[in-house]
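In structure tokens, one chain follows: the form predicted on its own.
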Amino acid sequence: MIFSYYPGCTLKTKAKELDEYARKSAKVLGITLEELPDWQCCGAVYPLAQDEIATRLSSVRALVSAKDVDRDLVTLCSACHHVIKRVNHDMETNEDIRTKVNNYLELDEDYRGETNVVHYLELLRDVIGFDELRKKVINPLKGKKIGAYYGCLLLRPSKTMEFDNPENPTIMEDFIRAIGGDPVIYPYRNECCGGYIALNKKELTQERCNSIVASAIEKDADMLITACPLCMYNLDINSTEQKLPVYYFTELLAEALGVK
């Protein structure tokens, strides 16, 4: 199975592990991730203004590239997934945005949101299936109590993202079970880490991260996993009172599959 793949900027710099182990694991699972040619930064933040067209263009170019080869577009970084999927929804449902973007890009054929945007975790759940993933595991993570940290970008707005139940998600816990670990359910797993205010309101970010880590420790978690480079940074650097190891979920996936 071949999918178009959008890695995003951070996976080429500070979050190389998220990307590297995703690619290695995909090969074991029979998946080919074909990196898009000449992709550009998605902008990292979804533009809320309806007349803000320029910041949507790079996402649309990626979506069009996947459409041109008739493939689903796989994303990995939570922020990239959030931006690209919401922009795709705009192109599908908002005629004003769609018209302005298509006029600017001067495409041979108007883009109308046809590309299916898939997060890597959804690929594991919906394409491969967690039961099949379990069969591929050669190094089950037995005895490891793992807390899934969702954050906010994967889950909200829920009607657009359609990723999981925003209040009680299960996809990462099911993933943990599939690789042989023990998922830890803790109250703050889908609370925001304060990612976008980390520079100008550092104390508030630290407060949020301390609450998240304390919540996981209270439920006996040994570690946390995430799909977001910014969440990884905040939980690692800005949790100042208590500490837990934080890993990208692809690192544990690669370990379970024997390629790490």
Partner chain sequence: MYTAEREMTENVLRISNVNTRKCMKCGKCSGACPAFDKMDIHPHQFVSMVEKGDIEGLMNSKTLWSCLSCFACVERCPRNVEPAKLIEAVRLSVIRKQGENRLKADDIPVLLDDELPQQAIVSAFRKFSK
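Numbering follows the first chain given and starts at 1. What you see is a predicted model, and the numbers here were worked out from it, not measured in a lab.
One more form of this protein should be noted, the form predicted in complex with the partner chain, which is absent from this view; the next part is about it.
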| item | value |
| --- | --- |
| Options 44-52, 31-39, 217-225, 61-69; stretch whose heavy atom lies within 4.5 Å of the partner chain in the predicted complex | 44-52 |
| is_contact(residue 136, the partner chain) in the predicted complex, heavy atom dist at most 4.5 Å | no |
| Touches the partner chain in the predicted complex: residue 144 (any heavy atom, 4.5 Å) | no |
| Proximity of residue 118 to the partner chain in the predicted complex, heavy atoms at 4.5 Å | no |
| Contact of residue 158 with the partner chain in the predicted complex (heavy atom, 4.5 Å) | yes |
| In the predicted complex, the one of 98, 125, 86, 177 near the partner chain [non-hydrogen atom within 4.5 angstroms] | 86 |
| Every residue of 24, 75 and 170 near the partner chain in the predicted complex, heavy atom within 4.5 Å | no |
| Partner contacts in the predicted complex for 190-210 (non-hydrogen atom within 4.5 angstroms of the partner chain) | 191, 192, 194, 196, 197, 199, 200, 201, 204, 207, 208 |
